[in-house]
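Okay, so here's just one chain, in structure tokens, the form predicted alone.
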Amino acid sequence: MIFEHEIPEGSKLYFADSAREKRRIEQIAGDLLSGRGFLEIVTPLFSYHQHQSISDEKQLIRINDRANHSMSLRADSTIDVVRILGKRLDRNTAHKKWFYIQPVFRYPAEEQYQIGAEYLDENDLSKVLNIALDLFEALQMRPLLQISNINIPKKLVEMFDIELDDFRHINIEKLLALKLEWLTKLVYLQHLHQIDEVIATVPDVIKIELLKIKEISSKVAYDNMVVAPLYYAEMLYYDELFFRIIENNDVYASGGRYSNATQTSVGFAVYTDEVLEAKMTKGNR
């Protein structure tokens, strides 16, 4: 029996102080991004192409349109923003910097509010990473920044008898069992001052990818930072440099560099619900 006051598990309800704080977070983000030259876009709630946005199509909430074409509720904003700007609005605007403040939806009834920014035709990830850090500074938060390169686990899979799932589940025993000094150093690489020592020992294909981490790290003035070269998350569009902004087990934001057929772009998403919960919890202590 479902009572009248019940809401579906995974749905969000904000009221009074939490609703006001959520709106404040979004206002701060909107003002900051607008001040950096980003324009706002609100994409349709329904999409025909969300299967290209997430790795597990079972997470999509599917429906049909009047012509019985399959569509789904928006499960991710990045791909739709890029597609709409490139295919539908290309004759109306040449602007490259866009932000959105809107929810996404996953099966069966999960809502997630997000604040995101996309910088189209831009290769330098630090240009949005520093904006994300500035946003957390404006929110008076200083979580941990983790910088990774998804290409490194992929290269190691090609080199050794291991699988990407080993990285996804942090199964480092397989790597340590290979008893390679350079690989052991790579496993334990965490701090920026260690990068040069590790770069000097790794194969060239890994060195190239580590240098990308070093380069972007040098463009970030943030002292609460680590590198995680073996971190891997299955992403359909972030395919190289990747960052997360985290605190304990909570992920507040993530972003990276991604490519499609015609352009390379950079972007990030802030997970508003997690940020709001942290702010409200801290405020109630």
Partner chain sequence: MLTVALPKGRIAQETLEIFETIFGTAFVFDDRKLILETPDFRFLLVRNQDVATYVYHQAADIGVVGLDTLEEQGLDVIRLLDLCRGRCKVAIGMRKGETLDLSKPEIKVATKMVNITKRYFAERAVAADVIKLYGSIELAPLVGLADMIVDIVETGATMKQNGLEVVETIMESSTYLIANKNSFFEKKSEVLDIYEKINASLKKD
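Worth saying up front: this structure is predicted, and the values here are computed from it rather than measured. Numbering follows the first chain given and starts at 1.
FYI, the form predicted together with the partner chain isn't displayed, but the following is about it.
Practice prompt. May I ask you to check whether residue 200 falls inside a 4.5 Å heavy atom distance of the partner chain in the predicted bound form?
Written response: No - in the predicted bound form, heavy atoms of residue 200 and the partner chain never come within 4.5 Å of each other.
Practice prompt. Indicate whether the partner chain has at least one heavy atom within 4.5 Å of a heavy atom of residue 246 in the predicted bound form.
Written response: So residue 246 counts as contacting the partner chain.
Worksheet item: residue 222: heavy atom within 4.5 Å of the partner chain in the predicted bound form?
Response: No.
Worksheet item: Is there any non-hydrogen atom of residue 85 lying within 4.5 Å of the partner chain in the predicted bound form?
Response: Flag for residue 85 set to no.
Item to complete: Name the stretch, out of 202 to 210, 119 to 127, 103 to 111, 179 to 187, where some heavy atom lies within 4.5 Å of the partner chain in the predicted bound form.
Response: It is 179 to 187 that comes within 4.5 Å of the partner.
Worksheet item: Is every one of 40, 48 and 79 in contact with the partner chain in the predicted bound form, taking contact as a heavy atom within 4.5 Å?
Response: No, the candidate spot makes no contact with the partner chain.
Practice prompt. With the partner chain left out of view, choose which of 61, 216, 236, 226 has a non-hydrogen atom within 4.5 angstroms of it in the predicted bound form.
Written response: The option sitting close enough to the partner is 226.
Worksheet item: Just one of 144, 159, 139, 192 has a heavy atom within 4.5 angstroms of the partner chain in the predicted bound form, so which one?
Response: Result of the distance check: 144.
Worksheet item: Using a 4.5 Å cut-off on heavy atoms, what residues in 163 to 187 are near the partner chain in the predicted bound form?
Response: Contacts from 163 to 187: 168, 169, 170, 172, 173, 176, 186, 187.
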